[in-house]
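This document opens with one chain alone, in structure tokens, the form predicted on its own.
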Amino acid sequence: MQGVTVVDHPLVQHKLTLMRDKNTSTAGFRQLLREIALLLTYEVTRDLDLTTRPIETPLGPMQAPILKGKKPVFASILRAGNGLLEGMLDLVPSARVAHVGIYRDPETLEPNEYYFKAPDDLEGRLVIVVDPMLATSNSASAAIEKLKERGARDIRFVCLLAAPEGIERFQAAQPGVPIITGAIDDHLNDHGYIVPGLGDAGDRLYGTK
């Protein structure tokens, strides 16, 4: 599917299966999400620009590669996005962080914003938006619109699971924003949940249901 990268690494798929299992504990789910986040971050950042700088190794001088330009921004869609965020910061601890608070109305499935905090200088930075599920895509698209208003132009979206309907709507609303996901599932049910999916990622992450 054009514009969508499925990270089919065996470790991602193995850990994703454990997360799907309804018998996996809250602690186990949380740890697995953090571990998968590392692998997804590796994929979404594989083409970051590099430059070099002189350093001294124990055996002599060299021009060594180092990341070029401004630090990336990880934009977490609250609350479940924070489960991915923690693992991503393990790999890129210097990244800046934005938080976008959006909840989905259970009746209309439309997004409602309640919080937004982001660095002022998003223009010229890679902004990676994270949320475990791309279901209806309403929340993801609304979050990206807020970030664009702040100046973000180079945007990517990372999730654990995506539904075909969500991908279609997301690409119609946010053309040119690539999607990196662990899997594309079968469909959305009448309540806007991904099937077979893994349930409500936020509830399973924080033990609220």
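Start at 1 with the first residue shown and count on from there. Predicted, not measured: the structure shown is a model, and the values here were computed from it.
There is another form of this protein, the form predicted in complex with a small molecule, and it is not shown here; the text below is about that form.
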| query | finding |
| --- | --- |
| Segment that reaches the small molecule in the predicted bound form - one of 130-138, 83-91, 111-119, 70-78, heavy atoms within 4.5 Å | 130-138 |
| Contact of A201 with the small molecule in the predicted bound form (heavy atom, 4.5 Å) | yes |
| Touches the small molecule in the predicted bound form: M19 (any heavy atom, 4.5 Å) | no |
| R96 within 4.5 Å of the small molecule in the predicted bound form, heavy atoms | no |
